[in-house]
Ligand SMILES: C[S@@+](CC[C@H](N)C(=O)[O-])C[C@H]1O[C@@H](n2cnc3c(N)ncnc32)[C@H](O)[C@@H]1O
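Just the one chain here, the form predicted on its own, laid out as structure tokens.
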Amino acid sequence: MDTADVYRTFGVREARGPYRELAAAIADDPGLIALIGALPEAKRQPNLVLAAVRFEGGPATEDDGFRPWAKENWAAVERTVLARRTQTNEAGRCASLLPVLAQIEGPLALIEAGASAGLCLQPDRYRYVYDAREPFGPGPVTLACATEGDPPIPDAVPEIAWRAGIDLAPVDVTDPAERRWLECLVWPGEDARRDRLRAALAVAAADPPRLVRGDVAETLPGLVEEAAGHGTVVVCHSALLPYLTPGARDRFVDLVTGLGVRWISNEGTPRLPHFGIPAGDRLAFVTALDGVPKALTDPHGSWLRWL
């Protein structure tokens, strides 16, 4: 798929709000597509390029002049694209993970692969509202999730005795520039999601999670060994697989399944085709426990359909 098609497909299948129109306009702009196409392949991702323009002070929409601004200021945009990663850290995914976590005997020793700022490492620090059920959890961040099927919703947050994350470039939640980068990855118009991110970052900054810089394959075995004395070891990841080659995905799965841990994956259906679960017309993740699909879920945690 060439670069224009990547942006055109992003606009049709993924983008919402102003990004839908913007992605189509970028796809039809040969000058901007040529600049993006000259980037390393891994750096041409729409989310990364769009966020980099905003991070450098550019507009967020087609109507506000995104394309001419991006071309005029491409040197700065390119510098940011090459220096940063798409590290969308969506705390709302904890609402998808919680019913699966509830099936594992605690206390838990939680390890997240591809942790970014570690916001999904703190599911015990959020307040949850599933449908019309009684809310539970300490807050101050509230995660609301609509459910289908009969998910095993707990009545309390899990006990997490130990936690750590792994990332090639961990995000320092105490650094204002790092927090602003995460905000730029939130799409324009998604004010509630942006506000939730800010609140979750504040929770994390008050008690920063342990984030280990390194490659998952090299770092995970040592962390699992360290975690084993603290509780049931759970390795989780969410939207990690798109950033791995097919071969690296297979090696990662082989590694995790060979470590004797509980494994929670929360990934887009195209990344896990062997599950054979159609998502229908909506963009969805499959949330699985130890390789067994448990739910179709919203990528941002706003709904889940228990399987």
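What you are looking at is a predicted structure, and each value in this text was computed from that prediction instead of being measured. Residue indices: 1-based, along the sequence shown.
Below, we refer to the form predicted together with the ligand, which is not included among the displayed structures.
Want to guess which of 225 to 233, 211 to 219, 100 to 108, 76 to 84 is within 4.5 Å of the ligand in the predicted complex, heavy atoms only?
Of the options, only 211 to 219 has residues within 4.5 Å of the partner.
Ala156 within 4.5 Å of the ligand in the predicted complex, heavy atoms
The answer is no: Ala156 has no heavy atom within 4.5 Å of the ligand.
Although the partner isn't part of this model, could you tell me whether Cys120 comes within 4.5 Å of the ligand in the predicted complex, counting any heavy atom of the residue?
Yes, Cys120 lies within 4.5 Å of the ligand in the predicted complex.
Wondering, does Ile166 line up within 4.5 Å of the ligand in the predicted complex on heavy atoms?
Residue-level check for Ile166: yes, a contact with the ligand.
Just checking whether Ala60 would be counted as a contact of the ligand in the predicted complex - the rule being heavy atoms within 4.5 angstroms.
Ala60 lies outside the contact set for the ligand.
Go through Val256, Leu240, Leu32, Val49 and name the one with a heavy atom inside 4.5 Å of the ligand in the predicted complex.
By the 4.5 Å criterion, the partner-contacting residue is Leu240.
Would you mind checking 67 to 106 for residues with a heavy atom within 4.5 Å of the ligand in the predicted complex?
Those in contact are Arg85, Gln87, Thr88, Asn89, Glu90, Arg93.
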